[in-house]
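Only one chain is included here, represented as structure tokens and corresponding to the form predicted on its own.
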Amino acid sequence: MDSPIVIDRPRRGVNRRLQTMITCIVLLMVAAGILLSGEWIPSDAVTPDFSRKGLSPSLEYPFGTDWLGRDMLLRTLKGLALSLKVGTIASMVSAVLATLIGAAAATGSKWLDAAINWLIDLVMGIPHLVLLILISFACGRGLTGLVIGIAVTHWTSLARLVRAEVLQIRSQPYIMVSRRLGHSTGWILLRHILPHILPQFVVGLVLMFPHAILHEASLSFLGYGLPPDEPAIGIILSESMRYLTGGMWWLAFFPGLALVLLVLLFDRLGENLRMLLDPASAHE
């Protein structure tokens, strides 16, 4: 009699979880490498040199040079590093804001919950780019206006997720027992609720990165973001538009491709972190 086939489910689950963790580590190392390489590149490396202007991609200059003779590979790396810094600051502020507002809506009074839901609907009802331009223009453009604009417009989806999660946690029996023991709402929020919404905070923070980076590039491209002297990807793309008709296609192709790959990198990182931290998929 043939022996039954035994499927080794735990080992397969462990292997998949290990692969997901390795993928997260590799993606984080790539992002850290981009950030460090952009910081280590000296400013003299991207100064104009007219003796090499307009060079097409080659082994010496993989991304070619621009109309001023600047190495486009070095400019692209510095631009990506700048996008990472802006995305980190804006995403962190937005994620903290979303967590606080979502928790306040779920634990506060009914009128506070209604007011926050109305505010979320209002922010989500306005096109992102229009609201970003208005806030950036009102804050004087530059890095400050850019960070404020991204942080103020990207918290709504995470705030709704946190609110729903907190409402679900509040109905759990151990929360009711804690209230019967005389613990305050603030004590319950810090000891019981916030630790449970930490995975949503981390995943939401990482998934905000692609949006923050793309909107930073969009605003800089339109002239409402970083100043023209900064090597931002949006500024590089905006400047390259004047030279595409002259055959200098590499000025827009390689920085644009690098921006897309960076966005996909963080999107993939967020999905892997969600698989690791979300209880519904952590043991699939």
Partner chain sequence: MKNRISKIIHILPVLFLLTVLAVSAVAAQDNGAKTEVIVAVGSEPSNGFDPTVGWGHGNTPLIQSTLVEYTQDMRIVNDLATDYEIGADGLTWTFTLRDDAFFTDGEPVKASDVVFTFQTAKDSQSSLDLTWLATCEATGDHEITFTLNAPTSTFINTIASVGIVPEHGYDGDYANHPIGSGPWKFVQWNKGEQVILEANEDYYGAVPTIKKAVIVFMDEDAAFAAAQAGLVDVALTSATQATREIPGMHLEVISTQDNRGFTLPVTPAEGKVTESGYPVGNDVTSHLAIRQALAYVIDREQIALDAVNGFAEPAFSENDGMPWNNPEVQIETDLELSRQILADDGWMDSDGDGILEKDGIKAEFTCLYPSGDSVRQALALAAAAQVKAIGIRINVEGTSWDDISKRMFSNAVLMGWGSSNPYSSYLLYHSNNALRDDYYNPEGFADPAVDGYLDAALHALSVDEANEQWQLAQWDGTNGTAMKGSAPWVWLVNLSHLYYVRDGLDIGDQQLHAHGASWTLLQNLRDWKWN
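Numbering follows the first chain given and starts at 1. Keep in mind that what you see is a predicted model, and the values were worked out from it rather than measured.
Here the subject shifts to the form predicted together with the partner chain, a form of this protein not shown in this document.
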Which one, 55, 41, 68, 30, lies within 4.5 Å of the partner chain in the predicted complex by heavy atoms?
-> 68
Should residue 222 be counted as a contact of the partner chain in the predicted complex, where contact means heavy atoms within 4.5 Å?
-> yes
Consider residue 238 of the chain shown here, and say whether it contacts the partner chain in the predicted complex, taking contact as heavy atoms within 4.5 Å.
-> yes
Answer yes if any heavy atom of residue 61 is within 4.5 Å of a heavy atom of the partner chain in the predicted complex; otherwise answer no.
-> no
Contacts with the partner chain in the predicted complex, stretch 236 to 256 (heavy atom within 4.5 Å) | 238, 239, 241, 242, 243, 245, 246
